[in-house]
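Before any questions on how it binds or moves, here is one chain, the form predicted on its own, in structure tokens.
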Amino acid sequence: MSIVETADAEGTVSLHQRILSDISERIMSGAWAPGHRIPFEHELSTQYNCSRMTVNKALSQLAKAGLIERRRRSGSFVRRPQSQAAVLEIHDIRIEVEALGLPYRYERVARHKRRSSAEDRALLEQGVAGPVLALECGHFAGERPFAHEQRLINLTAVPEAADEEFVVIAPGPWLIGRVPWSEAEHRIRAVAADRHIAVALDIAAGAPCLVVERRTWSADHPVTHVRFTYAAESHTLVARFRPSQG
């Protein structure tokens, strides 16, 4: 939700709007990261030489916009932007991030071509050993990590992936644009961040995370297995459905 500046009758920005703009700019620029404590009302009223009622009004609007969280007796804190994704869709993380009004950035962390291990074959539901491409990627919203991606691509089903470096484009949209999928499976679970995930998402080890695992097939051939890990407070999964007609 955007916060639009308004001017008073003389064309000057009100103190209320100035507080809104200053705080939202610090949050959206990343200067105040998620979890950062906003100055207390009495501190802001002194800083802006205004009443606490004016400050309270501005903070309430920021909370309504989803930028901050107000905690009784503790103060106000920057919220981690929360995205929503449909459970039954294959979506592009870029779209999730841009829906939050934040710039998206993708980074390939690791790329390995190898013969599939027993664990790889179990993840892909692949009967026999074959060549696979293992990828590790990071997705960012602004300056903050948004999702961590671990992916296996079955090179028997998608041999052209062996020559793609996946430096510029993420593997998800690359596959969607080249391989028609006929079936997909989602598995969703909660986990505690291990040390590797904690570093990748810039969260504390042991922090709650949401893991979305997906397998896709094309004409009964396994194409890919991917595991997306999100900080739990930053992501919501949504499913809309109707009662069965049977």
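Residue numbers run from 1 along the displayed sequence. All values reported here derive from a predicted model rather than from experimental measurement. Here the rigid core means the biggest group of C-alpha atoms that line up within 1.5 Å when the two forms are laid on top of each other.
Only in words, not in the display: the form predicted in complex with the DNA, which the text now covers.
For a residue to qualify, one of its non-hydrogen atoms must sit within 4.5 Å of the DNA in the predicted complex; all three of His16, Arg52 and Arg70 qualify. The stretch that touches the DNA in the predicted complex, counting heavy atoms within 4.5 Å, is 35-43, out of 193-201, 35-43, 173-181, 210-218.
Ser76 is the sole member of Gln150, Ser76, Gln126, Ser116 with a non-hydrogen atom within 4.5 Å of the DNA in the predicted complex. Arg71 shows a C-alpha shift of 2 Å or greater between the shown form and the other one [criterion: core-superposed Cα displacement of 2 Å].
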